[in-house]
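Okay, so here's just one chain, in structure tokens, the form predicted on its own.
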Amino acid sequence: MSVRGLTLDQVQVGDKLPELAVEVTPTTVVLGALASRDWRPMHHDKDFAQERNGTRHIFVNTPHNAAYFERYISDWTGPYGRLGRIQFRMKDSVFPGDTMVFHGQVEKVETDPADCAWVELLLWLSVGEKVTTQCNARVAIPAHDGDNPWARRGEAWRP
């Protein structure tokens, strides 16, 4: 991978993305809630989370979870990777003290009629042996050196 990131010729179906491990702290959870303007107390008040929600601690909210997947994808693609679509399903919560581990695999590689290169990814987040979130993403990467998915507009951009 160059400084510009991945290009189409460097990606194949079945490729595994490198794992990303992130230690979760109470501060991590609260900052994610603040950044997404989520003032609900289960994301910053441990007593509320335990007594009213029945959870063991405060927990990572949905936009924060999405942001981590976006980071994971962009760490892999480099700066010219452009997210076209993301869909995920949270199956369990992530709490302070957990280590989130992101995993991924290339499911499809294609070029559309406008010569935009697309990679479809299957991603998942695990804590220990448990998968807490499953995710599918479609991301544009440069078809070749000199291509920039971020420059695409109108008919040339069809995520």
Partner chain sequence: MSELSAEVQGWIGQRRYEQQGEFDVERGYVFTTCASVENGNPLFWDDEAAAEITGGPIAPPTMISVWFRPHYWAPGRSEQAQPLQVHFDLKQALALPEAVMTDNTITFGEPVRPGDRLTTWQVLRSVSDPKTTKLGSGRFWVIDVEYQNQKGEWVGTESYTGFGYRRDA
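Remember, predicted model here, so these are calculated numbers, not experimental data. Residue numbers count along the first chain shown, from 1.
Below: the form predicted in complex with the partner chain, not depicted.
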> If contact means any heavy atom within 4.5 Å, which of 49-57, 120-128, 36-44, 105-113 contacts the partner chain in the predicted complex?
Replying inline: 36-44
> Should Gly5 be counted as a contact of the partner chain in the predicted complex, where contact means heavy atoms within 4.5 Å?
Replying inline: no
> Applying a 4.5 Å heavy atom distance criterion, does Tyr68 contact the partner chain in the predicted complex?
Replying inline: yes
> Is Pro63 close to the partner chain in the predicted complex, meaning a heavy atom pair under 4.5 Å apart or at it?
Replying inline: yes
> Just to confirm, Val101 within 4.5 Å of the partner chain in the predicted complex by heavy atoms?
Replying inline: no
> Within 70-101, which residues have a heavy atom closer than or equal to 4.5 Å from the partner chain in the predicted complex?
Replying inline: Glu70, Arg71, Ser74, Pro79, Tyr80, Arg82, Leu83, Gly84, Arg85, Ile86, Gln87, Phe88, Arg89
